[in-house]
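As structure tokens, one chain now follows by itself in the form predicted alone.
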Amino acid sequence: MKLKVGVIGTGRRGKVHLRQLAKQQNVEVPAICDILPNVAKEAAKITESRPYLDYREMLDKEELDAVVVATPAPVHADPTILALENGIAVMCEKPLAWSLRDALRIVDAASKTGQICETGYQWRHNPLLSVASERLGESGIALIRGTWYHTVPLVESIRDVSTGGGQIFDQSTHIIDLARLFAGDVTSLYAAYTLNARSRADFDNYDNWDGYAVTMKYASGAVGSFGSTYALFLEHGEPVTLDIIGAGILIKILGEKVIVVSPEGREELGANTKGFTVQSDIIGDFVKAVATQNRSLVKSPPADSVKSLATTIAANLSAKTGEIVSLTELMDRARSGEELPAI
């Protein structure tokens, strides 16, 4: 019997997930949902699905085993929670939510319902990460360094900081999350952002920072720094980077490649991110997790991904206040009911 999987939100990212679901032999997509009629109609053609304009109606009328929530971050929480409460497994795109309060609502719903719930940090499904971790062995980590260079976002809702959250929140969250996988949780951070290049250019409808710098301390004793930008241009060619430095070893997650630099030389570990199979990418693993109830295939459950969200929200808060932010204190504020949104 095939798994019945629905998709809520069929814009740019939602269509990517739809196409991956279409490749799964044991999956059918009976229904999809988007608030824009034309978008819903076109997306439904990909998998010959019934289109809905209201996710509540879709969840009420359709018998689904799982849903993928690929709406914008400000509207992740409600459809994710409703699906979980209806006994439906969920893969919710990253970041987990727009605010820490909403993210904790998802964490609670996943815990109370016992349903499988994954957050869309697809890089965690790179099979090379376990190899990199083995090479690090018991070495402590001295330094984490990450960069993500980009241009003005093509998606209008991401271009505006009030709906997109900025580069650290939207894109660099991937490498900040990966750094946590290796170095552990962030304890405190300081961030400084700027709008210094795009503000001098003849560019309309841009309301966002264009340069981002964040320094972090980890519970493991490691320190880290992340730099990102929206000031560059398309096809600039610079890869996304994450360097992890241990005792006598450097792990470089360099765009598509994972490289180990050690006294024995420089070794490329082989596969690249484009080489993910349907079985090993996030959709493939999510589908298998739902089918088999094997929770080891879920690499980023809400109880963990909320910490990556908190880190990016803390960075935005630090950049606005000019103060060092304690992640423990921030999470305590969220648990006491404070909303703490992305911006």
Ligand SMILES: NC(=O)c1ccc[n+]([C@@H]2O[C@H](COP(=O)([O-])OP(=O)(O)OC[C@H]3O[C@@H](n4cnc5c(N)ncnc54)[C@H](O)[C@@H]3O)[C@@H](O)[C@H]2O)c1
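Just count from 1 along the sequence shown to find any residue number. Note that the coordinates shown come from a computational prediction; the quantities given were computed from them, not determined experimentally.
The following text describes the form predicted together with this ligand, which does not appear among the structures shown.
Q: At 4.5 Å between heavy atoms, is D170 in contact with this ligand in the model of the complex?
A: Answer yes; at least one heavy atom of D170 falls within 4.5 Å of this ligand in the model of the complex.
Q: Even though the partner isn't displayed, in the model of the complex is G146 close enough to this ligand, meaning a heavy atom within 4.5 Å?
A: No, G146 sits far enough from this ligand in the model of the complex that none of its heavy atoms falls within 4.5 Å.
Q: I'd like to check something about G120: if you look in the model of the complex, is any of its heavy atoms closer than or equal to 4.5 Å to a heavy atom of this ligand?
A: Flag for G120 set to yes.
Q: Can you tell me if D304 lies within 4.5 angstroms of this ligand in the model of the complex, counting non-hydrogen atoms only?
A: Close contact is absent here: in the model of the complex, D304 is far from this ligand, nothing within 4.5 Å, heavy atoms only.
Q: Report the residue, out of L317, A291, V39, I46, that has at least one non-hydrogen atom within 4.5 angstroms of this ligand in the model of the complex.
A: Of the listed residues, the single hit is V39.
Q: Only one of 257-265, 186-194, 127-135, 68-76 gets a heavy atom within 4.5 Å of this ligand in the model of the complex; which is it?
A: Among the candidates, contact is made by 68-76.
Q: Judged by heavy atoms and a 4.5 Å cut-off, are I8, R12 and D34 together in contact with this ligand in the model of the complex?
A: Yes, each of I8, R12 and D34 comes within 4.5 Å of this ligand in the model of the complex.
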